[in-house]
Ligand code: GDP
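In structure tokens, one chain follows: the form predicted alone.
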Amino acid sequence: MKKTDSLKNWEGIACVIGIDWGDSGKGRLIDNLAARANIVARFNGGSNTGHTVKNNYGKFALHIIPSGIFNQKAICLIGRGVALDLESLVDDEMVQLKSAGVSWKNLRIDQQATIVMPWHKIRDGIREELRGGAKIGTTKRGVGPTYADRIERQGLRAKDLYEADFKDRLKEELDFQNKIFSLKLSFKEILETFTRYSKVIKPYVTQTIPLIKEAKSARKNILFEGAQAYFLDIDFGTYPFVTSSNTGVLGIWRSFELYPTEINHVIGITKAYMTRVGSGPMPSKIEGEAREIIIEKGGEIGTTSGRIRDPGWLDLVLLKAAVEANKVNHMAMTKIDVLTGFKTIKVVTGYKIGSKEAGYISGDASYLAKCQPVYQTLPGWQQDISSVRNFKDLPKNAQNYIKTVENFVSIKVDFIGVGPARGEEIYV
């Protein structure tokens, strides 16, 4: 199979990454594509991300467990690049799966994944409050401080839970955190909690990189699941209004030692419009009645944060930048049904600062905040498209909308979501 063929019958090594600010439906797409996967691997982020999956088992909000968990024949990996929130994993996600009768026996957790500790969540909240008017919009799940401790070589990793000196290391680190950050965390309570967590996850903690290498050698299908999206990448996004991990293809290499050029299918996913939750610039932000319509029809409330997502018209300048940087060769577009009913729809085709043309510069939120969007206005459509399963059956104006996107970014849209549930999509 060629890497440009239909995604419905994909083979080889694939990844799904957001090419916007996230919340684009990665969970539902992974749920679809995972049916053909032998391995589904999560490579970045923590419980600050939320993948909503709606299938025959029910509706789930997953934060740490890969969305491919519903394919019981696939091994689901949590890579070393993930900020491992055991509270979310054990006390929330496993509970959701258990209540629906879904097994997680196929889950594997990399022993080098850094654990999110209680002090990380407290520090995250304190830091955000002290930012005053320049808040980043963190979910306060402790992900940033967890990565900071990893870089500072002080983070506790999954394997440490089973070392003979874990109790001593925990006590030493807790004493440091309590002293430096004026916390009053109880050693006894934390030890009891993480002893319980360690017993639950012990059967699943292992080395995940050899599993990837073995699957690659055996020519099995591997699907990498990204969290958040490219413009929240710590290096390439709108810094400082970003997350603390690499959200693009680089994150796969860091987590699993698989070089980006080895990936056959780099699938960039976006909604038919954009949303952003939290702080940071968004040139195509929508105000007024159209904003309220999109929020209501699109259900634009964060899975993790519960905050309303700010909607914007689709920004083709940003999409093209993400496509080129990550060598995307497939595009997926979700929620095009939300745009049904608009007489006209806008897309951003350029930026200007004053009278001069501008483009996207990675890692610089202050620059993007100065950019004014240049719009192209397209005719909308009024027909209900939720039951459409073939591209040619879409309204002509909907087809034109998608073709406009394809022509600008020079990538075919292979997957079109016309509803939130599995099966409500068009493979092109």
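For every residue, the number given is its place in the sequence shown, counted from 1. Computed from a prediction, not measured in an experiment: that's the story for all the values here.
Note that the form predicted together with ligand GDP isn't included here; everything after this is about it.
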(request) Tell me, yes or no, whether Gly380 is in contact with ligand GDP in the predicted complex, where a contact means a heavy atom of each within 4.5 Å. (result) no
(message) So in the predicted complex, is ligand GDP close enough to Asn326 to count as touching (4.5 Å, heavy atoms)?
(response) no
(request) Check whether Val418 has any heavy atom within 4.5 Å of a heavy atom of ligand GDP in the predicted complex, and answer yes or no. (result) yes
(request) Evaluate Ser255 for contact with ligand GDP in the predicted complex, applying a 4.5 angstroms cut-off between non-hydrogen atoms, and reply yes or no. (result) no
(message) Heavy atoms within 4.5 Å of ligand GDP in the predicted complex: which stretch in 43 to 51, 370 to 378, 391 to 399, 356 to 364 meets that?
(response) 43 to 51
(request) Could you tell me which one of His330, Arg80, Lys335, His120 places a heavy atom within 4.5 Å of ligand GDP in the predicted complex? (result) Lys335
(request) Give, in sequence order, every residue of 21 to 38 that has a heavy atom within 4.5 Å of ligand GDP in the predicted complex, or say none if there are no such residues. (result) Asp23, Ser24, Gly25, Lys26, Gly27, Arg28
